[in-house]
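Coming up is one lone chain in structure tokens, specifically the form predicted on its own.
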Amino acid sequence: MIEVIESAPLNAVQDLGRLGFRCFGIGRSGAMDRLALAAANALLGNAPDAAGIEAQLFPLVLRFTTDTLVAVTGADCGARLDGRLLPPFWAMPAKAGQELELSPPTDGLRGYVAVAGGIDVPVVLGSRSSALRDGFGGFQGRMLQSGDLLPIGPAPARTTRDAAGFGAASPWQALSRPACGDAEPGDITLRVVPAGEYEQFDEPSRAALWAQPWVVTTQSNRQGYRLQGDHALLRVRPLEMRSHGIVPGVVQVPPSGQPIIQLSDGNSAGGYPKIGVVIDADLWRVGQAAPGRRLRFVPCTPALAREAERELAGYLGTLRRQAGYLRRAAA
């Protein structure tokens, strides 16, 4: 078991998300940074879709009631195991009685904790992810709170070859950054495929989509990120639209002209025009963008999006293989 000693609001059990139910109005949910959670599971040898803990607000303090392997990925949250500082993207043994604490990130926004065997909460509609808005899935359909006891799934008794554990390069280091000539060092660049209503926007708006930075506003959450730019995006002629299906990554433009990126808890349908879609391989970057961070959009084609997916899969595959050499059976 994992005992929750202290948890800020919004922290919850998540996996890679709930697929195949959008036709019933049920969104994906799941981790905002799916790559970080997948990396944590790869470090531990878990199934790729094993559930872990997503930390969005801090502190988060956990106590292990049994020996296990633990991995911490995502934002650099200054993780400490019984006071010992852990590097980012790190896996190591945790003994019964030890406490893991995550603090406000020095870089990034969301941290992830995984254990060998995963968090063994019930599967609801094909997923263990928390649908907090609708109150189901995860741990009792809600955010974590002090006193919760999270069950751990079965796993082989393993430890690490080095008692200090082992780590991996973060995706920010290992994956290529989408090229954007005007981007500043702190900007997050995202590859975007033009969407169905792209041609309905006037030429200055289409140019501004790619040319100007977009700032993440404080009106951003797991449902969607509201952005702010100097040049509003305007259509040539305002047209009424019927609601239609949308997915995470869709960039909608409400009447204000300031775009919204639909994310993990986003609606399954909407009526705002779509100017683009952030490719799935780049949504993890959005999940780590705090309010005030600047985003830059880079034009992308479906072929380039598939290349990005292959690069991401290669990163996880290499990490999983290398981590397998660094674990061993427990004595």
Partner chain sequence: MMLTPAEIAELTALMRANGVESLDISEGEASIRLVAAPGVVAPPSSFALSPGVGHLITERAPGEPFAAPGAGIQAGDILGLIAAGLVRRPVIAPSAGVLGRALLEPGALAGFGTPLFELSPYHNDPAQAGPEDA
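Residue numbers count along the first chain shown, from 1. Being a predicted model, the structure only gives us computed values, none of them experimental.
Another form, the form predicted together with the partner chain, is not on view; read the next lines as being about it.
Segments offered: 112-120, 75-83, 93-101, 204-212. Contacting the partner chain in the model of the complex at heavy atom distances within 4.5 Å is 75-83.
Mapping the unseen interface onto this chain, P88 counts among the residues with a heavy atom inside 4.5 Å of the partner chain in the model of the complex. In the model of the complex, at least one heavy atom of F166 sits within 4.5 Å of the partner chain. Put simply, L149 is far from the partner chain in the model of the complex: not one heavy atom of it is within 4.5 Å. None of the heavy atoms of L16 is located within 4.5 Å of the partner chain in the model of the complex.
When you look in the model of the complex, the only residue of I5, A8, A330, L326 with a non-hydrogen atom within 4.5 Å of the partner chain is L326. At a distance of at most 4.5 angstroms from the partner chain in the model of the complex, all three residues A174, Y315 and L319 contribute at least one non-hydrogen atom. The partner is not shown here, and in the model of the complex the stretch 102-140 never reaches within 4.5 angstroms of the partner chain through any heavy atom.
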